[in-house]
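Only one chain is shown below, in structure tokens, and it's the form predicted alone.
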């Protein structure tokens, strides 16, 4: 296992370099540059040109790329054009909020979806299966931003049960369990908005995988031996049905992180997604490139985690 992890990490190096090249090229194709937001009628253009030269924006593109890449490898993601703050520091400040939101949405999706998928498979063509299928289709077809707005309208505006936006109550001075409960109140709506779509996808994958496994010969043999149905379903069938679901985990992480950009903006959640949206409007290209690289690293680590989980789900899989 250790040799496999080292080999996978080494294979990720050229992929990360390619990601930095694509990210930098996309930023260069964007109209204007970061200095465009600082130009005003009463501003001296010589000062703007001097600032552009100071940031190296007047250099050839390949020079800018290798300069940025060398700084990135040394742990420096550059500085925000308008505030002058280190980009890495700005991103690190937002990581905990984004990880909390995405991890909660991912846990919510899998914890709820897997049992519902099993029930849908066991109750195939029954009323429960039809209702769960309808719920899954609605969840898959509803965009996350629309689900977020709908949740705010129903639970925050109409029912006044949950806050509309934010991270925690300001000025309350809550500590201990009260502070945790307060943060959960603010987390609930964005978590539901971000995780519902993925819950529906995982549920359909679970149902399909369970139906395929339940028709296998060894399941019929286990039932013929008189083994309790609960043991047959959850010990024999579900464990083998989890392999496609674990594969889906590696595909879900990029979608969750990408969806957090919109959800964090709707709910004013202070994470990397909201930082990225603000950087887009401000043309803060150093922040956007730093976010792209960091999100790419998180996605690669998520795929690696999914591969490692195969060995725990199916002991027959060995890495060497």
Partner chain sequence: MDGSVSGGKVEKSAIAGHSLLQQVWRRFRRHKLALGGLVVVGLFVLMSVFAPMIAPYNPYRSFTRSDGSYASWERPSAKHWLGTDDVGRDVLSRLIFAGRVSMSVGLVAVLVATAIGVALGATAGFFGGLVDNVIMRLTDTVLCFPVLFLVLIVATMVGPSIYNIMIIIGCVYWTRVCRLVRAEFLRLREMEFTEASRALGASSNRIIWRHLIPNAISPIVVFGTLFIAEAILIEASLSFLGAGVQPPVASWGNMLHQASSFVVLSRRPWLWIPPGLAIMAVVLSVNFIGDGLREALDPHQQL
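Residue numbers count along the first chain shown, from 1. The model shown is predicted, which means the values in this text are computed figures rather than measured ones.
Although not depicted, the form predicted in complex with its partner chain is the subject of the following passage.
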item: Partner contact for residue 63 in the predicted bound form: its partner chain, 4.5 angstroms, heavy atom; value: no
item: Its partner chain contact at residue 234 in the predicted bound form, heavy atom, 4.5 Å; value: no
item: Interface membership of residue 146, its partner chain in the predicted bound form, 4.5 Å heavy atom rule; value: yes
item: Interface membership of residue 218, its partner chain in the predicted bound form, 4.5 Å heavy atom rule; value: no
item: Listed residue that, although its partner chain is not shown, lies within 4.5 Å of it in the predicted bound form (heavy atoms), from 140, 100, 188, 131; value: 140
item: Members of 275 to 290 lying within 4.5 angstroms of its partner chain, judged by heavy atom, in the predicted bound form; value: 276, 277, 280, 281, 283, 285, 288
